[in-house]
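Below sits a lone chain in structure tokens, taken as the form predicted alone.
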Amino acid sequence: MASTVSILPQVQLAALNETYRKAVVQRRLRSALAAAVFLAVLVVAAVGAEVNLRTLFTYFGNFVSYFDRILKLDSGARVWTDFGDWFWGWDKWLRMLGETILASYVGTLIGAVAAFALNFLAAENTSPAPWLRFVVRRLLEFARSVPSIVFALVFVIAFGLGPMAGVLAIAIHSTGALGKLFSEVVENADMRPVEGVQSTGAGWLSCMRFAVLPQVIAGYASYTLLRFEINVREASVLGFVGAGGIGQELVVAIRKFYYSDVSAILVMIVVTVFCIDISTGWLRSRLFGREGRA
């Protein structure tokens, strides 16, 4: 079947080409201006942060030599040549690592429960009143804006050394982080089921329970498992201020220059995080399939 191709008159074609050329030039100018602004901001930020490439390259050898030292035993041999000497304190370290995991678990659980109770009040489409949404959002922002190590330091001063301070710090920070994530999940929920439940005369709590919660429960669980993995890493650092766990032993090894102990403890922390990541990923896939893995 024959087809015809229409050709515009030269005057119209020239006008279209000129308009296209101007659009391309304007787009290139905007891109060049954006790149220039980005580079300028980068330079200002580097100067403000005292990023000095000369210093970096001058002392980079110290960084490499430190990793060389933590991979050597006191005898001078490499750590992997004698695992018994490298992991001499494995029983104590495992016990403290278990303390870190348990503190992370309890803190994450408390934070998830608190975030679950507050997120419906923080979501724009489910909050009963604008003033209440404003107050809850500011509360969640405060909880996640203050670093967990600052909370841990405050609780160590208040309650003394030990994992309790770490649990409370993790719980507060997790409440803020999970509350934000949970509320965003709720704001993306379909509100038509809510209208259907409301048409039966049900109250606000019933609408949340029967119309919103079934849509968002998978996202809640996925974010909570992810937060648990993050909290294990954070709990390892909270020991630096006396909040218990493996971090407390790690900071002692760093301060006393027990180089091989530093690498052994780091290996245990990294392996633990790997195992938790794999386990939580498997659990999400088993519970929620593709939706839980997203």
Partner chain sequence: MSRPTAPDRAQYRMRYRDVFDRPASSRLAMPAMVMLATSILVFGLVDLDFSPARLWSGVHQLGWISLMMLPPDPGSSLPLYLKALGETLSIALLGTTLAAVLAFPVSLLAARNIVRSGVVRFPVRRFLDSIRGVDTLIWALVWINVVGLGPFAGVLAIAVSDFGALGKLFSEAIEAVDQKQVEGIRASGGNALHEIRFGLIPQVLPVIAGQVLYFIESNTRSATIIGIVGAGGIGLQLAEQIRVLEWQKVSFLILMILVAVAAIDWISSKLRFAIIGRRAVA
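What you see is a predicted model, and the numbers here were worked out from it, not measured in a lab. Rigid core (definition): largest C-alpha set, two forms, superposition within 1.5 Å. Numbering follows the first chain given and starts at 1.
Below: the form predicted in complex with its partner chain, not depicted.
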query: The unique member of Ala218, Met191, Val154, Leu71 whose heavy atoms fall within 4.5 Å of its partner chain in the predicted complex; finding: Val154
query: Selected contact from Ala117, Leu94, Leu102, Leu139, since only one has a non-hydrogen atom within 4.5 angstroms of its partner chain in the predicted complex; finding: Leu102
query: Options 121-129, 175-183, 72-80, 199-207; stretch whose heavy atom lies within 4.5 Å of its partner chain in the predicted complex; finding: 199-207
query: Any non-hydrogen atom of Leu42 within 4.5 angstroms of its partner chain in the predicted complex; finding: yes
query: 4.5 angstroms heavy atom contact with its partner chain in the predicted complex for Leu213; finding: no
query: Its partner chain contact in the predicted complex: Ile254, any heavy atom under 4.5 Å; finding: yes
query: Contact label in the predicted complex: Leu250 to its partner chain, heavy atom within 4.5 Å; finding: yes
query: Residues of stretch 127-158 in contact with its partner chain in the predicted complex (4.5 Å, non-hydrogen atom); finding: Phe142, Ser145, Val146, Pro147, Ile149, Val150, Leu153, Val154, Phe155, Ile157, Ala158
query: Did Arg27 shift 2 Å or more between the shown form and the other one, C-alpha, core superposed; finding: yes
query: After fitting the core, Lys256 CA displacement of 2 Å or more between the shown form and the other one; finding: no
query: Note on Ala46-Glu141 C-alpha separation in the predicted complex, which departs from the shown form by 3 angstroms or more; finding: farther
